[in-house]
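Quick setup: the structure tokens below cover two forms of a single protein chain, split into structure 1 and structure 2.
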Structure 1
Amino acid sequence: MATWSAPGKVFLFGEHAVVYGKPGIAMAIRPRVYVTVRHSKRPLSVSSPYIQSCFTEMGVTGSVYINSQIPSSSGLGSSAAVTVATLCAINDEFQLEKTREEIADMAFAIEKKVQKGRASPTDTTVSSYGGIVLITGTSRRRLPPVNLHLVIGDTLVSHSTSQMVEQVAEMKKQHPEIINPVIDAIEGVTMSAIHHLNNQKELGRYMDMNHGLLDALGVGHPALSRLVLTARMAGAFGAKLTGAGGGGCMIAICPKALKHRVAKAIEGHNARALVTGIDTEGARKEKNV
């Protein structure tokens, strides 16, 4: 058997806009999904279309066991981490000799298929390679890693990524004169933020701008707004939703000395808080227990 893991991710800037070829900046975070695959002629039945697609695309049958530190439907890239780790474990167990790039491309194709064509390569790229990644269309570029002090607030409100992406697409179709400039503005925030990755205070300002623009796209949620405002009041440099929105998670960039205070303030609103930082490894092989 083979066990591999892959990290989750947060969107620092540019979610939703990346679906339309605009740039986005995402960062791998320390929580991981662990997947063990064993060769088997009689595979276990799985309910996940992502896992099923991994075995189908690789052309093999086997059993799978998953242990995840990432809550699902929260905007932290759990489906991408599951897909990447599963493909890596299958690749290892069956000695298929796929490259890391091939794994990332296949993982994106699977996500795109399951999410009915509206997925970006962001999540699967970050889970595969780790670090901070700039996504523009189909191009992927790793940015220099920086030690950001992040607090993630999970609203515990479930959402559907594909549904939120479809909702924005419908708004764009009905009101292009309003939505297109908002998407362009998100691009402007992302491109400006690239030049300030080492300045957490400035990044916080851009996060606040990005959050307001995402609200304008209609992907906000009252629970997200409460946590974003709470984090800012507790001393965060800035805060925004991360991922598809409509629930799920927000992130706050904080002074090192205040990150635990911000986390405690978030937990005071019946939410789950996680203090985390960057993961620079990406997908990795684990020792089988």
Structure 2
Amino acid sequence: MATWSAPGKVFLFGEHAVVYGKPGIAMAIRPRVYVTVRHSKRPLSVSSPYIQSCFTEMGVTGSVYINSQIPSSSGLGSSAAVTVATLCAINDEFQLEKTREEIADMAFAIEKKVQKGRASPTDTTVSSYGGIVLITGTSRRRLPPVNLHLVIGDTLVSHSTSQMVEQVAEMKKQHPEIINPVIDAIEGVTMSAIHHLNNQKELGRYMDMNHGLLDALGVGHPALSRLVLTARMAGAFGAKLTGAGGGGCMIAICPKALKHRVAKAIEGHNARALVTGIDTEGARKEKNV
């Protein structure tokens, strides 16, 4: 029996622009997914296509137990974390000796297959390695970790990443003269933010700018705007939607002393709040329970 865990993720900067080859910054966060795999001759019967694909790709049969602390379908990378942790647990249980890089690549291939070609390597990279990752096109570079005080607000409004990506593509086609400069401006914000990762106040200002630009791309939502404003009014340094938008989650970067106040303010608006921070470890082996 082998148990492994992997973290979720948030986009700090650059979502949507990354689809057009611009840089994006994502960070691994605490809640994790825990996966236990055990040898078994019986064929696996699970409804998750991600887990099914992990066993098929690794060429083994076994049983699996999942304990996820990451809310699913909220843009916090739960499917990538499940995939990475399952591959690592299979690798360990069956002594397949795959490297972390091979696992990250396999996890991306599985996400891509299950999501019918619509996946970026962001989630699986961040979940595999942890910390902060700069993504540009197909290249991924780890940035030095910093201790940010984040509050995530989940609007509980369901959204579809592929639909939001398509919507931006359509806007870009219809109004290239407006949308292209917005995407370039997001790139500007991301590139500037890289140099201020240690300055939370400054990062907050960049988050505010990034949120305005995402709104201009049409991926905002009244519930997101409400939480973003609420967080700022409660003392956050800055706040923005995170991930695909149109619902899902926002993040706020806060002074340490105010993070619980910001979370409480968010919860006052029919939303779920999560006080979190960086997870510098990616996938890791856990004690069997």
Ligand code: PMV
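Start at 1 and count along the sequence of structure 1; that gives the residue numbers used here. Between two forms, the rigid core is the largest collection of C-alphas that superpose within 1.5 Å. Keep in mind the model is a prediction, meaning the values are calculated, not measured.
Remark: the form predicted on its own is the source of structure 1; structure 2 originates elsewhere. Annotation: Cα of Asn147 displaced by less than 2 Å between structure 1 and structure 2, core superposition. With the core held fixed between structure 1 and structure 2, Asn180 has its Cα displaced by at least 2 Å.
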